[in-house]
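First, one chain by itself in structure tokens, the form predicted on its own.
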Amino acid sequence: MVLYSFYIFDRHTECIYSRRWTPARPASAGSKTTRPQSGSSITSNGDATPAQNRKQADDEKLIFGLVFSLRNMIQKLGGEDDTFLSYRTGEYKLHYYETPTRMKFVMLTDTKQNNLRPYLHQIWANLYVEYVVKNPLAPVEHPGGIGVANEMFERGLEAFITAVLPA
């Protein structure tokens, strides 16, 4: 599986965590592509240029706008019982999970991937709740784009992606 990016949005539409994975460069033209290398999240990357930060912020807004619009359209067309699970284009597939507290977990993968909603639920329940919500030093709200800057969460997410998600 090729994983492109992962986002967490709070109930106030702020992106509190983002992480991108860039495809690994093969050593030779005949070698098989391995799992993408991970990039830093915006919350822990202090050495990014302003242009890179602006582009990433724009990407986050576009992803949230897409999710918000699709979720509202599905609820209007199908009723309150229908939920938005995923969205596929020719280039990527967007997987979506919303928690009871209106936190939104979004993952972008290649188009061949099946629904990852159960995995997003596991990330929320086993990583986000354990390392961020139960952390007494972490803020309850994330005003002004202050994101999740928790090393244990980031290590756990990387280990989860490597171990659990199909390669």
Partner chain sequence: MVVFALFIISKAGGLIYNREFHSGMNKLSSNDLLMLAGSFHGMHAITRQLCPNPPTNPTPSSNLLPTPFHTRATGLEVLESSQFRMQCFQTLTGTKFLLFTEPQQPNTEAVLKKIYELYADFVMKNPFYTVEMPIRCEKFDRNLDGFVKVRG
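Residue numbers count along the first chain shown, from 1. Just so you know, these numbers come straight off a predicted model, no measurement behind them.
The next section is about a form of this same protein that is not shown, the form predicted together with its partner chain.
- Taking non-hydrogen atoms only, Leu66 approaches its partner chain to within 4.5 angstroms in the model of the complex.
- When contacts are judged by a 4.5 Å heavy atom cut-off, Leu62 counts as touching its partner chain in the model of the complex.
- Using a 4.5 Å cutoff between non-hydrogen atoms, Leu70 counts as a contact of its partner chain in the model of the complex.
- Using a 4.5 angstroms limit between non-hydrogen atoms, Tyr4 touches its partner chain in the model of the complex.
- For the partner-free chain shown, Ser69, Leu70, Met73, Ile74, Gln75, Lys76, Leu77, Gly78, Gly79, Asp81, Asp82, Thr83, Phe84, Leu85, Ser86, Tyr87 of 67-87 come within 4.5 angstroms of its partner chain in the model of the complex, judged by any non-hydrogen atom.
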